[in-house]
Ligand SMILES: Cc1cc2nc3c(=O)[nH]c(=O)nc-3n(C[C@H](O)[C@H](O)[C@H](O)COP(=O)(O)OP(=O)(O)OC[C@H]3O[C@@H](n4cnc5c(N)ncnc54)[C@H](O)[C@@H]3O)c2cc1C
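The chain below stands alone, shown as structure tokens; this is the form predicted alone.
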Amino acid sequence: MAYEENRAPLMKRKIVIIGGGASGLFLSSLIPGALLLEKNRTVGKKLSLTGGGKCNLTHEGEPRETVSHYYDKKRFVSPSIYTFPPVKIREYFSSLSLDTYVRSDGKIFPNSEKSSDVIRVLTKGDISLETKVISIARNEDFFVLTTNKGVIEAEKVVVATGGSSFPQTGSDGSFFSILSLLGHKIIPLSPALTSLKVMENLGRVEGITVEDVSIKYKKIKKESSILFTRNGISGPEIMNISREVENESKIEISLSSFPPSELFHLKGNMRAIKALHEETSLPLRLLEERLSWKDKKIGDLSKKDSEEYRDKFYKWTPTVTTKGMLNSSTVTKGGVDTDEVNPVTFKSKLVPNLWIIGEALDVDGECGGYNLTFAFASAYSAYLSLTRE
């Protein structure tokens, strides 16, 4: 691997990859002769955070099942995922001496559970760090890339600049203006795979998890665990639903299937909150913080107490939003319009010799390794196209 820190004012390259995230690094590892440009001091900053630093590379499953996790983009992602499905992703990393394992929930991780190892095996070839592309112009036979380190002429350019989530890692969405100037339509950017802000104070229950929760948002119905955060709620299905939340919306959450009317049928003389905890298995601290019953006994419960339990547990309907969550969302909904990109080659239909891969496209998948799956599959499909031409 050769890091190019100080380049000559002008140089010519056959293939230039812009962006050292998951898709850019993966493609660079496949084409060591390409030049990868990364504006940060290091590559893979966002990749290093994936899976809590353990790097959930992909998810076990046949291509058809994998494709089902991409919302309205199933048809677009299908060719690349059938070409390079999870089993081939695992085989490729194994060929780089990075073996993986399947967790009980189907998520696939490196055996070391270190994202740094994933970045290490993908960091190959010619990489220029702290190199920001300021503009791109298209001449008859090549691109002219103006960077903060000089001008590069490139026969072929691959855009792997990501979306606009976690901008502190470098994927700040700034490159979309350059793609727009080249003629591409940019679908508006919004958070996906993020927690939901709740319009009430939940700080005292932060960190509490509830299992087997029923969630309903518009026509979406899911069963999942829920984690209470400082400002709201999270969990696998909450994160999946987040891409659908617009402005301030109501969501229906059933933390318990125990009907409010049954409260009055409880027997004994114990503290009501403890009795409810034993009946529902809801965390005791959550019940104590969310209910105003204090030390009331079972026989002291009133209709008002029953209604409070109903509104906060049995059928909780908080107002939620994702406003301001792009800074912490896992992925971005929106990006380059997929109608303008070939789903087999990832070559632009509008600009000759331009490829666009990964999260720069208007593609986002569900929680569980599906977004990295698409990053790798799109990079591999672009690799096949680039090396065949």
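Position 1 is the first residue in the sequence shown; the rest follow in order. Please read all numbers here as calculations on a predicted model, not as lab measurements.
Beyond the structure shown, there is the form predicted in complex with this ligand, which is absent from this document and is the topic of what follows.
So in the model of the complex, does any heavy atom of T131 sit within 4.5 Å of this ligand?
T131: yes, in contact with this ligand in the model of the complex.
Flag V158 as yes or no: does it have a non-hydrogen atom within 4.5 angstroms of any non-hydrogen atom of this ligand in the model of the complex?
Because no heavy atom of V158 falls inside 4.5 Å of this ligand in the model of the complex, the answer is no.
P86 within 4.5 Å of this ligand in the model of the complex, heavy atoms:
Judged by the heavy-atom cut-off of 4.5 Å, P86 is well away from this ligand in the model of the complex.
So in the model of the complex, is this ligand close enough to T50 to count as touching (4.5 Å, heavy atoms)?
Yes.
Residues G162, G369 and A375 all lining this ligand in the model of the complex, heavy atom within 4.5 Å
Every residue of the spot touches this ligand in the model of the complex.
Name the residue from S68, T321, N353, N40 that puts a heavy atom within 4.5 Å of this ligand in the model of the complex.
If I apply the 4.5 Å criterion carefully, the residue I get is N40.
The single option of S348, S29, T338, N56 touching this ligand in the model of the complex, heavy atom within 4.5 Å:
Selected residue: N56.
Have a look at 131 to 139, 303 to 311, 180 to 188, 212 to 220 and name the one stretch with heavy atoms inside 4.5 Å of this ligand in the model of the complex.
In the other structure, the partner sits against 131 to 139.
Give, in sequence order, every residue of 146 to 178 that has a heavy atom within 4.5 Å of this ligand in the model of the complex, or say none if there are no such residues.
Sequence-ordered list: A160, T161, G162, F166, T169, G170, S171, F175.
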